[in-house]
Each structure stands twice: as structure tokens, then as C-alpha cells.
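A single chain, nothing else alongside it, follows as C-alpha cells in the form predicted on its own.
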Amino acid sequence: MKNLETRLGRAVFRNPVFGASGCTGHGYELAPWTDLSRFGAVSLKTFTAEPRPGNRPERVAEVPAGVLNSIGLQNPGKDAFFAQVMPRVLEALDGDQVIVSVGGNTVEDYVALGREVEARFGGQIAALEINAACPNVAHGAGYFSREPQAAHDLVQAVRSAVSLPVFVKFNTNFENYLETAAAIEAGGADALYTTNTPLGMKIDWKTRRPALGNGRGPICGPAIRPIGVLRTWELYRRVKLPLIASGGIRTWEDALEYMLAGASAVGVGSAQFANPDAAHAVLDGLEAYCFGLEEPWTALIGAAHRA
């Protein structure tokens, strides 16, 4: 029987269509509107050791072909996450679908959270994600993406502390992002999650002020897909790590474009705001296309480089 089983380092998933962190929440929020079993995985909303209130409102603003956001890693902190969120996650999703995402300011923050996640849920989840990408926080995240040695040391420390597969979501908006990616690979990561959304701004002409309370924020949606495809293309040429690519994916053709550029899996994000069943629709289209191929579907990964 044909399937789209996907291997990312030491982790194996039922298919390559993931729910992107943040936009997919914790997965269970979408249960009334879509079939969660169809997700290859859900990268859960990032949590930190202490509760974070996030950035001041407004936090979301619609722009042509996309959405600006400035959430600031709002989350209830680890105690509430472990006690209240994870039981609902594990009730709604199978263990092989769950990627737990942790955030912090220091290497020690990430290591401590990684160890606690593994101690509590190690046999019930697929992978641990290090969120070193978010540009909407005052400290920590951007540093690990712009300093290759810091990224290497972070990944190496977490990888040494846990036995779970380790995925790294990093910020591709810095000029040296390929150097950082190579450092993350050398540190022992199992996969890279890209693309971080570029920053933008919207001015509300009625108030004559920025529409976001934080002024600027990342833009997501179809507007950034060409940027994401280029980042994926360049990362595929630089590192051997499996790539989970995201940025403006709304159709199966969008997902296929990323795969041809080098992605082994794709994250569907803001498309779910308009259509909670978006990931399901992307998977349906990919299955119809890939099951008609004479070659294994994995031959699509990076095929544009060999054309």
C-alpha cells in the first residue's frame, strides 16, 4: 500500500504535512473542524518556563496576501502547560504526531525544559523542537539565530541532555543564516524548521499609528512563499539535514514547490485561519499526485536541483 511516510532524522511521521507552530495552536482546538489524524504532526505552540503575557495589542493585522502578527510567545508557562495543555494534546493526537516546542533565554533554559519534557512525556511524543526563531521577544531567541557558535552550543547541549529527536526552528532573516544552519547541523540536530517570516509594518490611516501594538511584526501568508522557497533552496544546498519548510502554503501545489526546492516536510500555518481544513486539503492533493508517480514520492525532495 502506498503512503507518504516521512523520516526526519531519528523521527518517523505518517506523512509530510505538519501543522505549523502558533497557527495550529495545540492541535485540539481544530478538532471540531478537521480530521486531526490526517496531520503528519503538529508543532505545538511554544511554551517557556515562566508564563509570558506576550506583546501589547493589537497583535494581528491583515495585509494584502498575508497577515502581520506580534504575539510575543504568550503562553501559560511550564506548570500550566504540563498540567492543563498536554493532557488535552495527548487525548486529541497520537504520540507520533506531537512535536513539543520549547523557548528560553539561555542554553540552561532550553536544557532544563527539554529534560523535563522528556521525563514527563518522552515516550508519548515524537520530537522536541527548539524555538530559536521568534523575533517578537526582547531576549534570547534572535541571538541564537544570528550567532552560529551560540546556535551550535545550544543544539549540542540539548542534544546531549535528551534522547528525543531534536528539531530546530531558527530565524532565516539574518544574512548569515546559512552559516547558522551549518552550525546547527554540526551541533547534532535531527531537522531544521524554516522559514522564519520577514518583518513588516502596517499603518492605520485612521489613527495614523502602526496597526500593531509592537509597531512591526512578521508577515505570514502567500506574500512570503517565494522567499520561503528561496530559503529552502539555499538551505538544501548548504546542509544535509531534513528541512521542514513553511511560509504561505495554501495548496498542495505550494507544498510540492517547497519539496522540489528541498523540503522533506511542510508546515501549514496561516491558511488554517481561513480554512481550518487546509492541511487536510493539502495532504489530499499531495496523495493524489504522489500516488500516481512511478518513483517513490521522496524522489521529489530537491528534484529541482537535479533537473
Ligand SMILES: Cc1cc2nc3c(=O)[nH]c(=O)nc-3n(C[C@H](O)[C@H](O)[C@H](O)COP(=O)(O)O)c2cc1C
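The shown structure was predicted, so the numbers you read here are calculated from the model rather than taken from an experiment. Residue indices: 1-based, along the sequence shown.
FYI, the form predicted together with the ligand isn't displayed, but the following is about it.
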Using a 4.5 Å heavy atom cut-off, are P16, T232 and A303 all in contact with the ligand in the model of the complex? no
Please identify the residue among P148, G114, G221, G187 with any heavy atom within 4.5 Å of the ligand in the model of the complex. G221
Identify which of L283, C290, A11, A20 has a heavy atom within 4.5 Å of the ligand in the model of the complex; exactly one of them does. A20
Quick one: does A126 come within 4.5 Å of the ligand in the model of the complex, counting heavy atoms only? no
Quick check on I249: any heavy atom within 4.5 Å of the ligand in the model of the complex? yes
For G40, is any heavy atom within 4.5 Å of the ligand in the model of the complex, or not? no
I'd like to check something about S270: if you look in the model of the complex, is any of its heavy atoms closer than or equal to 4.5 Å to a heavy atom of the ligand? yes
Among 40 to 48, 26 to 34, 275 to 283, 235 to 243, the stretch whose residues bring a heavy atom within 4.5 Å of the ligand in the model of the complex is 40 to 48
Scan 48 to 79 and write down, in order along the chain, each residue with a heavy atom lying within 4.5 Å of the ligand in the model of the complex. N69, I71, L73
